[in-house]
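In the block that follows, a single chain appears as C-alpha cells, in the form predicted alone.
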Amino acid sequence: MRTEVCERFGIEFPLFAFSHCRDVVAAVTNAGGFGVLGAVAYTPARLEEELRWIDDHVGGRPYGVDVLVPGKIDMAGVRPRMGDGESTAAERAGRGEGGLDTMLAAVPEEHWTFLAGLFEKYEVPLPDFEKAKKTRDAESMGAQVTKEGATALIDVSLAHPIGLIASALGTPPPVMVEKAKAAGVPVAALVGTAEHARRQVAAGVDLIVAQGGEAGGHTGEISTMVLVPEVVDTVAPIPVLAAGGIATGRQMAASMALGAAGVWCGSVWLTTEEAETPPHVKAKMIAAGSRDTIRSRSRTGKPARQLKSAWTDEWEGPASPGSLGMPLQMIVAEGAMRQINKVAESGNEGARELANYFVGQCVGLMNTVKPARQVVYDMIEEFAGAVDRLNTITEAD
C-alpha cells in the first residue's frame, strides 16, 4: 500500500499493532505491519530482554515501544494522615518522593482488607499480602508508571533500533521528546479529544493516535467515528492513526475514508495464538459480545475499558472502598490479578469469575483464535474488498 505512513516507517501496510506480547509484535512486523510493544508491565531489565529478542526475530524490520508516563501520582482515594509533624507516606507519594516503597506504604489498609475479603468471598486462595506489599518485583507495574520508572524504560527502548516511541497516556514529558529526537526516533501519542491532540503537537509529537471510546484500556468517551475526522482536521498535516474498536479490514477502510493515515489496533491481537492473554480469559473474550465490556478504574485507577467480571462488579459495588488513583490502584490490582489468573488456570471457578483483561468493544468481533500473521492478512484482504466495493458504487455506467 502506498501511503504516507507506509513510506515514512518502511512498512507494507499502515497497520500498527499494540501488544504486551513480543511474539505478537514480531509476527505483525514480519507480516508487513508495525508491531508496538507495550512496556508498562516490564522492569527495565526485562524490557531489555524483550527488545533484544524482538531485534533477533524481525530481521531489521521496524517496530516500536509504547511507554506510559503519567503526569503525576494520583492520590485519589487516599486520605492524608498527619503525624508528629512529619509527612505521611501518602503525602510523600503524592509529591512523587520515595519510590515504590513509599507508594506501597501509601495504599490504605482498607483496600488490602477489601481485597482479602474478595478472595475469601470467591474462595480463591489468599496470596501473602504482606509479602506482596514488600516485593518490588511482584508489584513492578506500579513502579514503572512513575516518572523515574518510565524514564528508565525510555532509555532502554532508545538503546535499540526502534522506529517509534509512543506515549500511552497524556502529553509526553519533554525528556521523552528530547531523547527521542536526539536518537532520530519519531514520537507518537494517544489522544481522546481534539484539544489533547493540539497539546501533543505543541509538545513535538510526530504522529497522533486518535483513540475512540470503544478502545480497550485507557480511553475517553468520544466514539472513533466522531473523533478521527475531528482530530485529522485539527492537526493537519500531522498524520493521524485511527484507534478504538478496530478489528476488521472494513473498519480499516472506514478509518482511512475519515482521513486517517492508518490504524492502531490492540484488542484484536488478544485472541491470537501468540497473545499473552491467559487461556481462561481468552475463552471469555471469544464468548463475549460487544456489550460485555466496561470502563472501570478498578485495574489502574483511571477509566480503562475491560471485560466485565466479578472483579469490576465488586470494585464498582457499594461495599468497595473505591478505586485509588494511578499507580496505587495498579499496585493493589495487578498483584491480585496475577494470583487470580494463576488459580483460575487450575479450574477454580471463583477465580474465573473474577478474571478479566483490558479489551475493547470489538471483542464481539473476535470469535476465533488464529495466528497474528493471519489476522494481518485477513484485515488487508477485507480492506481491499471494502475499497473495491466502494469503487463499484462510484463507477459511472
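The first residue of the sequence shown is number 1, and the count goes up from there. No experiment lies behind these values; they were computed from the predicted model shown.
Not on display, but discussed next: the form predicted together with a further copy of the same chain.
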{"query": "Contact at M225, Q251 and S290 by a further copy of the same chain in the predicted bound form, all three, heavy atom at most 4.5 Å", "finding": "yes"}
{"query": "Exercise: Q211 in contact with a further copy of the same chain in the predicted bound form, heavy atom 4.5 Å", "finding": "no"}
{"query": "Proximity of L365 to a further copy of the same chain in the predicted bound form, heavy atoms at 4.5 Å", "finding": "yes"}
{"query": "Contact of Q361 with a further copy of the same chain in the predicted bound form (heavy atom, 4.5 Å)", "finding": "yes"}
{"query": "D233: touches a further copy of the same chain in the predicted bound form, heavy atom cutoff 4.5 angstroms", "finding": "yes"}
{"query": "In the predicted bound form, segment of 174-182, 115-123, 240-248, 277-285 with a heavy atom within 4.5 Å of a further copy of the same chain", "finding": "240-248"}
{"query": "Listed residue (P229, P127, P186, P321) with a non-hydrogen atom within 4.5 angstroms of a further copy of the same chain in the predicted bound form", "finding": "P229"}
{"query": "Answer option from I162, M256, L169, L270, heavy atom within 4.5 Å of a further copy of the same chain in the predicted bound form", "finding": "M256"}
